[in-house]
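Given as structure tokens, the chain that follows is alone and in the form predicted alone.
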Amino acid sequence: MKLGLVIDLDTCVGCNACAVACKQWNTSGTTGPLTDFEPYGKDPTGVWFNRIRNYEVGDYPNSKTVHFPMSCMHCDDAACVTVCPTGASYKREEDGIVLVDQDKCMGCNYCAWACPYGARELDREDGVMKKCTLCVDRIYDENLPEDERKPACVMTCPSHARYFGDFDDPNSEVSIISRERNGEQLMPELGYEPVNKYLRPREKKNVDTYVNETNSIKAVKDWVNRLVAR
């Protein structure tokens, strides 16, 4: 089993609902409270597992804003796991999820430096590293209806830009949509084999428009112009 996410950059609207839902769920999840510092001050900061980057691509008038959600990629060959001196960072064999053992972590930041995706968050209050868990405490919760056993970010996305499933299953939703729309890894050239995949924004289609030259507003303007010209 290889669990992960597919994120559709074409339909993501950058609303940050996934980031907020992630923050809310994980505040009482496996990693404990995600701390905030001066949340209502001039320079608020805190621990977030999801962050949305925003980019302008293309040239006017064909420019487009692309919202790019970033979180842990749960890499097959995770650099964060390789460099961890205490074994706190590890990848689960049963489903491929990369986690941090809070009891073993000493907050040395090695994993954060090694991760090219900026997915690691040092909780300064607890002194340990925290990261996306794919809501491991939620997806295996048998007390939840089966269709709700998904990460909080997937459940809350209003534009249905996020998909969750097993990439080892060729018939899963994430496998099918990745094949159909050429899902891509982020920076595959680094060799870490990230599990999560992104769907590129679709090409913008030019829509022909028809202007009715005999509309009533134009007719009134023409009548007024003729009246003034007399």
Partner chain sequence: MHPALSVIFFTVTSGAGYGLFAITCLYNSISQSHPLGDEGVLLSCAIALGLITFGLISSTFHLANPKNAWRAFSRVRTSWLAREGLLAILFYPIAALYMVTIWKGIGGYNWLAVISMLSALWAITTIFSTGMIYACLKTIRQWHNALTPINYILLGAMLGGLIFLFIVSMYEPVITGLVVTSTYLIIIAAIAKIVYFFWIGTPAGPTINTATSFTRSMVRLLDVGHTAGTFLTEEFGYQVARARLIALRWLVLLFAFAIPALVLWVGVGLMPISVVFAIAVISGFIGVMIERWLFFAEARHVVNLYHGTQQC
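All values derive from a computational prediction rather than experimental measurement. Residue numbers count along the first chain shown, from 1.
From this point on, the text means the form predicted together with the partner chain, which you will not see here.
S.K.: Residue-level contact is defined here as any heavy atom of the residue lying within 4.5 Å of the partner chain in the predicted complex; does Met70 satisfy this criterion?
M.R.: Yes - in the predicted complex, heavy atoms of Met70 and the partner chain come within 4.5 Å of each other.
S.K.: Indicate whether Ile52 is a 4.5 Å heavy atom neighbour of the partner chain in the predicted complex.
M.R.: Ile52: contacts the partner chain in the predicted complex.
S.K.: Hey, in the predicted complex, does Pro158 get a heavy atom within 4.5 angstroms of the partner chain?
M.R.: It does not: once the partner chain is placed as it appears in the predicted complex, Pro158 has no heavy atom within 4.5 Å of it.
S.K.: Going by a heavy atom distance of 4.5 Å, is Arg120 a contact of the partner chain in the predicted complex?
M.R.: Heavy-atom contact with the partner chain at 4.5 Å: present for Arg120.
S.K.: Could you check which residue among Ala152, Val100, Ile97, Cys84 gets a heavy atom within 4.5 Å of the partner chain in the predicted complex?
M.R.: It is Cys84.
S.K.: Going through 34 to 71, which residues have a heavy atom within 4.5 Å of the partner chain in the predicted complex? Please give them in sequence order.
M.R.: Read in sequence order, the residues that approach the partner chain (within 4.5 Å, in the predicted complex) are Asp43, Pro44, Thr45, Arg51, Ile52, Arg53, Asn54, Tyr55, Glu56, Val57, Gly58, Asp59, Thr65, Val66, Phe68, Met70.
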